[in-house]
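Take a look at this single chain, the form predicted alone, given in structure tokens.
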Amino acid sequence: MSYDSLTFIWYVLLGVLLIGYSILDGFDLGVGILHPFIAKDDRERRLVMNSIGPLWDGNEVWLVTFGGALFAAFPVAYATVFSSFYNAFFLLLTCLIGRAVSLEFRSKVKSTLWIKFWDIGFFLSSLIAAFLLGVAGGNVMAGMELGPKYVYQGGLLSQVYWYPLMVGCLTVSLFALHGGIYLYLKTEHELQARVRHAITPVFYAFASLFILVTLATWWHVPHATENIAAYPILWVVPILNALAVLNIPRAMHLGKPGYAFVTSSLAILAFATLFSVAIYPNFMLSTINADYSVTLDNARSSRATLQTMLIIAAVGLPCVLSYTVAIYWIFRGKVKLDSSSY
């Protein structure tokens, strides 16, 4: 297999890992975002938390695998991304740890103040983690101030201007919608009815942001559409994306929440695919000089490394998929509380 083919295969595999993480951790971040607005008492808050209790850590395996694969296959991209977003990723890691600690510690002490503290921690860490992922994606889409040797020349404030912030808000609304549909599938009775009532305004907020970010991308990030213009077949991705978004309220109206969840998953898949198409063949575009951009060619590992990693992936990826399917099958159905629940 040629060096270029191996490079492209690894670019696609990284996309698969990112999509897997966005779909799976997207709904449990969404559950955390909706948590204080849906549940009205301690029992309902426990039900909401336990809906993702057996799943959240397995979902984050996809993010860890993505980071490891990026490090091994494209070390220059790994180093540039992590050094450019050092502060943001430090905060993101703090939030991911905070979510885990909130889930584990909440029920350890029977104190109203203690429980309320961890409930707030669970909500804020979920909200900020989703927002930061969107802000990072917005910055990569628009391009960053990369100088010679791919060193980031900007500061923290230059990463938080209007466009990445809009993408961050879109990500929060998308994950909240995805999490709301998941909660509807896992709950019943009054709590389920309250979740159903919340999904409609969340969808309107997401749809409004979707339109605004689409227009903003068209105006502010003109290079995002260059690959679609060069290969018109790629128009199928934004068209399917729009259809998937429109199908979410239709599926809920028809009383098919499972169908709506699949559709919201497909919408996330389409967003991630559009992101990959928009930045290709770059990992990070330099706004200072295009020669300083991190591309697939200048970021990749040696041919032998990519080839060896492909063999490892052929063994490891089915294991990750099997584990994921097994966990979801074991914990299928409505969430119930027992002595081992959070």
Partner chain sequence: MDVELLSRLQFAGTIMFHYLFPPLSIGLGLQLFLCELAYFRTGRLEWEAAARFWTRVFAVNFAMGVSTGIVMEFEFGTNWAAYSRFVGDVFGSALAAEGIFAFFLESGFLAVLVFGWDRVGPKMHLFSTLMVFLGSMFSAVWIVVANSWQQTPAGYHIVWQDVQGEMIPRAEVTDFWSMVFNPSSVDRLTHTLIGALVLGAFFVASVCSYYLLKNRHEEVAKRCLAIALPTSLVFTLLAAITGHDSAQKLVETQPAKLAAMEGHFHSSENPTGLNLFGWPDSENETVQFNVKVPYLLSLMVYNDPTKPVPALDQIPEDERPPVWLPFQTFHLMVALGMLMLAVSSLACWSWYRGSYGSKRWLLWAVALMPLAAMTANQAGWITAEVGRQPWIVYPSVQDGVQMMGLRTADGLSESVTAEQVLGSIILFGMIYSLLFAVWVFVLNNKIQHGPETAKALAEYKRHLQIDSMPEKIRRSGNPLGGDMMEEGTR
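Please read these numbers as outputs of a predicted model, since none were measured by experiment. Numbering follows the first chain given and starts at 1.
Below: the form predicted in complex with its partner chain, not depicted.
Peer 1: Among Ile211, Ile239, Ala229, Leu93, which has any heavy atom within 4.5 Å of its partner chain in the model of the complex?
Peer 2: Contact residue from the list: Leu93.
Peer 1: With its partner chain left out of view, choose which of His253, His223, Lys108, His197 has a non-hydrogen atom within 4.5 angstroms of it in the model of the complex.
Peer 2: Checking each option against its partner chain in the model of the complex, the one that comes within 4.5 Å is Lys108.
Peer 1: Quick one: does Phe283 come within 4.5 Å of its partner chain in the model of the complex, counting heavy atoms only?
Peer 2: Phe283: no, not in contact with its partner chain in the model of the complex.
Peer 1: Could you confirm whether Pro36 comes within 4.5 Å of its partner chain in the model of the complex, counting heavy atoms only?
Peer 2: No, Pro36 stays farther than 4.5 Å from its partner chain in the model of the complex.
Peer 1: Verify the contact flag for Asp41: yes if a non-hydrogen atom of it lies within 4.5 Å of a non-hydrogen atom of its partner chain in the model of the complex, no if not.
Peer 2: Judged by the heavy-atom cut-off of 4.5 Å, Asp41 is well away from its partner chain in the model of the complex.
Peer 1: Against its partner chain in the model of the complex, would Ile327 count as a contact residue? Criterion: heavy atoms within 4.5 Å.
Peer 2: Close contact exists here: in the model of the complex, Ile327 approaches its partner chain to within 4.5 Å, heavy atoms only.
Peer 1: Specify the contacting stretch among 94-102, 241-249, 200-208, 135-143, defined as having any heavy atom within 4.5 Å of its partner chain in the model of the complex.
Peer 2: Among the listed stretches, the partner-contacting one is 94-102.
Peer 1: Decide yes or no: are Thr65, Ala79 and Val315 jointly within 4.5 Å of its partner chain in the model of the complex, with each residue judged by its heavy atoms?
Peer 2: So, yes: the whole triplet contacts its partner chain.
Peer 1: What residues in 286-307 sit within 4.5 Å of its partner chain in the model of the complex, counting heavy atoms only?
Peer 2: In sequence order, Asp291, Tyr292, Arg300, Ser301, Ser302, Ala304, Thr305 come within 4.5 Å of the partner.
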